[in-house]
Ligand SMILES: NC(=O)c1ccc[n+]([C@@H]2O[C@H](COP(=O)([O-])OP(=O)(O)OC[C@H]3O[C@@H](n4cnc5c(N)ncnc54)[C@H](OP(=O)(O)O)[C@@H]3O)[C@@H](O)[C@H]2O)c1
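Next comes just one chain, in C-alpha cells: the form predicted on its own.
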Amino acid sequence: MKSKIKDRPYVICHTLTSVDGKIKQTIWGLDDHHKYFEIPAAKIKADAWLVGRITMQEFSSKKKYDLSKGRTDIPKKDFVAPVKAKTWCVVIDPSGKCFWDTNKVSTETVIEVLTEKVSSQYLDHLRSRNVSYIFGGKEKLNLELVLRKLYKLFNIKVVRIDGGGHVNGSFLKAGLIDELSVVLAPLADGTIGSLTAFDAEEGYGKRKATWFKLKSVKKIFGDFLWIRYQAV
C-alpha cells in the first residue's frame, strides 16, 4: 500500500454504520455489537489502530492520578519510550485526559498524541508508565504532522482509524483517508442529531465532498455488508 503523500502512513478508516450512516446505538438491539466491528477490523493488516480520547478512556486507567507532585520542567518535545513493539494503539488526546497503569492496551503499545497545552506533570505521568507521546501542534492538532511523526519515529506504515464520527471527520476534512472500510448494518437508525460515521463540520462551507472508488463488497453476518473503497 502506498500513500498519496510521501513519508506518512497509508490510512484506512474502518467503521460500522446503519444504512443512514449512523454509528451504533443501543436501539439497534445487536446481540454482540463488538464482533460486527472487530472481526472485519482484525482482517485489515495495519501497524497501528487509532482512536479518539473518548473511545480510549474505555481502555485506559480508571484511577484518578494526582499530578501535583509531578515534574514541572519537562520540555514539550516528542518522547519515544525505550520499548519494543510490533503493533501500536494511537490515541488522539489533545488535552491529555487519559491516564495509564501500563503502556499497553491488550497486545498493542500506546502512543499519545498531544498538543503543547498539556502540563509537564502529565508528561511526567506518561514517562513514568513508559508511554510514548508526540506533539501535533501548540493548541490544535495538525493531523498530517501527526501521521508523519508516526511514520518517522515508530515506522508505522499502515494505520487503521477506529474512531467515532469526530475523529473520522477530522481525518476526512484534512484529506488524509486513503481507504474506507464500512460494515453496513441492515437497519435504519433514524435518530436526529446522533453521530454519523463522519462529523467533519456544520454546514457546507468551502469543503468538497470526498469521493471513493469501490474496491470490494462482501456479505457477512447474514445480511451485513463489508464494503471497501479506495479514495479517488
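We number the residues from 1 along the sequence you see. Predicted model only: the values in this text are computed from it and were never measured.
What comes next is about the form predicted in complex with the named molecule, which is not displayed.
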property	result
Residue 41 within 4.5 Å of the named molecule in the predicted complex, heavy atoms	no
Any non-hydrogen atom of residue 112 within 4.5 angstroms of the named molecule in the predicted complex	no
Distance check, residue 136 to the named molecule in the predicted complex, heavy atom within 4.5 Å	no
Heavy atom of residue 55 within 4.5 Å of the named molecule in the predicted complex	yes
Among 60 to 68, 185 to 193, 163 to 171, 203 to 211, the region lying within 4.5 Å of the named molecule in the predicted complex by heavy atom distance	163 to 171
Contact residue in the predicted complex, chosen from 131, 147, 123, 92 - any heavy atom within 4.5 Å of the named molecule	92
The single option of 156, 143, 105, 85 touching the named molecule in the predicted complex, heavy atom within 4.5 Å	143
Stretch 32 to 50 - residues with a heavy atom within 4.5 Å of the named molecule in the predicted complex	37
